[in-house]
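Given next, in C-alpha cells, is a single chain: the form predicted alone.
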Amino acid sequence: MKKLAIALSLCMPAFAQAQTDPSDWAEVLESAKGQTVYWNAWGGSTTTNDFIAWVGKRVEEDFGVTLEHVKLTDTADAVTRVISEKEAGKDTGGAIDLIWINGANFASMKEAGLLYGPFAEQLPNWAFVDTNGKTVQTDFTVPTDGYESPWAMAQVVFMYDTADISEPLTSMDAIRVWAEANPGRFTFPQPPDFLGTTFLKQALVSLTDDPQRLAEPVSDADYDTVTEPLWAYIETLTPNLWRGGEVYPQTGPAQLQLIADNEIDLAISFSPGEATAAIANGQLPDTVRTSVLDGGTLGNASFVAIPYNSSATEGAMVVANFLLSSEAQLRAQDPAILGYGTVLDMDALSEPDRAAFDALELGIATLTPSELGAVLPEPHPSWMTRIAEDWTARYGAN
C-alpha cells in the first residue's frame, strides 16, 4: 500500500474530461454500441459474480455493450495497472474501463487525476438516487464530485446463530464479554482484507470519545491517543478469538464458511441481506439472524468509477446507468440474489417500481430499515490504511 501511495503521488493530474458529453445521452448510447467494457471488480463471491454476469447479459441485450468481469482479489491491483499505464504515457486505450472502487483507492485516484468525469450526476437514472437520505455523494468523507456512481448501500451487521446465542450482542463490550465466556467462537477476516479492516473501524468508531476526529485525516500527532481504546480492546479480545487469534479467515466468504461448519457463532458482514441470501442458497443454517449495535454501525455506498484512459468510456457510463435502474436495484436488493441495500429514493420512483420494492420479501434474517438503526459515517480513508497496517504489525505475523 505504501508503494502504491508513493506511485500515486508521482502521477501528475491527468486530462480527465469527457470525450462524449455525458449529458448528451443519445450520443453516449450511440457511441457505446459495440464497445466492450472491462469491469474490474472483486471476484470473491459467487452471488456477486452471478449478478455481474446478469448485468452483462442485460446491457448487451438493451444497449449492445459487452461486459467482461475482470475478477480481482484486491482493488489496488486495478489502481496499480492504471498508474503503470499513466507512467508509460498510455493516456488512451487503457485496459480498464470500470472499477468497483472503495474509499481509499477512490480518494487516491481522484487526487492524482486518474479518473474520468465528472459523469455520475449526469446519468439519466441519477434522478432517482436518494441524495438526501443516503451517503451517495461522499465516499469515506471524500466528496465524490460526480467522479464515481453509487450502485448499492451497505451497513455493518453481525450475523449470529440463535442455536448458540440467544440474544443479540448490541455493543462492542457485549461482544468482548461474550467472547471471554465463549472462547474460540468469534473471529473476523484478516486485515487488510476489507471486511476485517471494517471490524477494526467499527470498533474504533464505537470506542472513541471523539468520533468527529475520525472525519479528518490521520495524524502522527494524536494517532496513539485516538486509537488507544481500539488497541486496548483488540488486545483483550484476541486471545478469545477462533484458534486463539493465531489464525484468521482470509476473506468474508471464508468467515461465512466457519459459521456453516459450526466453528464460530458470530461474524461481521457489510451486507444486511447476506445472511438471508446465504440461508436461501444453503450456505448457512436457518437459525442465523442479524443484529446491529445500539450506538449504530458503519454504512456506506458501493461505487463504480471510470479510469481517465478508459477504452470504452461511453459503454462504462451505460453500465453505471443500468446499475441505477429500478430493474438492477430491485434484483440487487432481493435477498435470494444479493440482498444489497438500494441507493434509490422510493418517493422518486414510478408507482409500479415502488410497488415492486414494497412487495420484495427481505427474508428471515434481514432487519428492516428501521431495525438497522443509525448509520455511522466512515472515517477518513487514511484511518483505514493506518489501522490495517498497525494491526498487521501487531498481530499479522502470528
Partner chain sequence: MGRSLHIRWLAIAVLVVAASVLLSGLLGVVLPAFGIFPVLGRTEPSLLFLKSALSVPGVWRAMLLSLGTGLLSTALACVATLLLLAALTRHARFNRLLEFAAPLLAVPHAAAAFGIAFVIAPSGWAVRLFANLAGFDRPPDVVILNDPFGLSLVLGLAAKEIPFLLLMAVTALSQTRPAQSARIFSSLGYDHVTGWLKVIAPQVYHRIRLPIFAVLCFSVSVVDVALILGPSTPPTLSVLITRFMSAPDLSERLVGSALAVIQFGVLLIAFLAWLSLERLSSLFLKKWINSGRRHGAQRLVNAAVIFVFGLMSVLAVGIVSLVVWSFAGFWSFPDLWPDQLTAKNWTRFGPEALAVLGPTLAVATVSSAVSYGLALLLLNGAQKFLGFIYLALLLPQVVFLPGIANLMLAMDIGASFWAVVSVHILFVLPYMVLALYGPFNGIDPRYRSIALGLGVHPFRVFLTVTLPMLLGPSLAALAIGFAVSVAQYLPTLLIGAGRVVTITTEAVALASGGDRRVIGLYGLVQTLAAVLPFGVAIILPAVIWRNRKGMQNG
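It should be emphasised that the depicted structure is a prediction, and the values quoted were computed from it without experimental measurement. Residue numbers count along the first chain shown, from 1.
Same protein, other form: the form predicted in complex with the partner chain, not shown, and the subject of what follows.
Query - Heavy atom contact within 4.5 Å of the partner chain in the model of the complex, the stretch among 197-205, 219-227, 150-158, 241-249 - result: That would be stretch 241-249.
Report task. Answer with one of T170, T236, Q137, N281: the residue that has a non-hydrogen atom within 4.5 Å of the partner chain in the model of the complex. Result -> Spelling it out, the residue with a heavy atom inside the cut-off is N281.
Query raised in the report: Taking the partner chain in the model of the complex as the reference, which of A328, A179, I83, I268 has a non-hydrogen atom within 4.5 Å?
Result: By the 4.5 Å criterion, the partner-contacting residue is I83.
Query - Site test, L214, G296 and P369 vs the partner chain in the model of the complex, non-hydrogen atom cutoff 4.5 Å - result: No: no residue has a heavy atom within 4.5 Å of the partner.
Requested in this report: Spell out, yes or no, whether the shortest heavy atom distance between P192 and the partner chain in the model of the complex is within 4.5 Å.
Outcome: Close contact exists here: in the model of the complex, P192 approaches the partner chain to within 4.5 Å, heavy atoms only.
**Report entry** Partner proximity in the model of the complex: D97 to the partner chain, non-hydrogen atom cutoff 4.5 Å
**Finding:** Yes, D97 is a contact residue.
Query raised in the report: Even though the partner chain is not shown here, does N49 get within 4.5 Å of it in the model of the complex, heavy atoms only?
Result: Looking in the model of the complex, residue contacts with the partner chain include N49, since a heavy atom lies within 4.5 Å.
Query raised in the report: Heavy atom to heavy atom, is W42 within 4.5 Å of the partner chain in the model of the complex?
Result: Within the cut-off, so yes.
Query raised in the report: Can you name the residues of 252-272 that have a non-hydrogen atom within 4.5 angstroms of the partner chain in the model of the complex?
Result: The stretch 252-272, when checked against the partner chain in the model of the complex, contributes P253, A254, Q257, A260, D261, N262, E263, D265 at the 4.5 Å heavy-atom cut-off.
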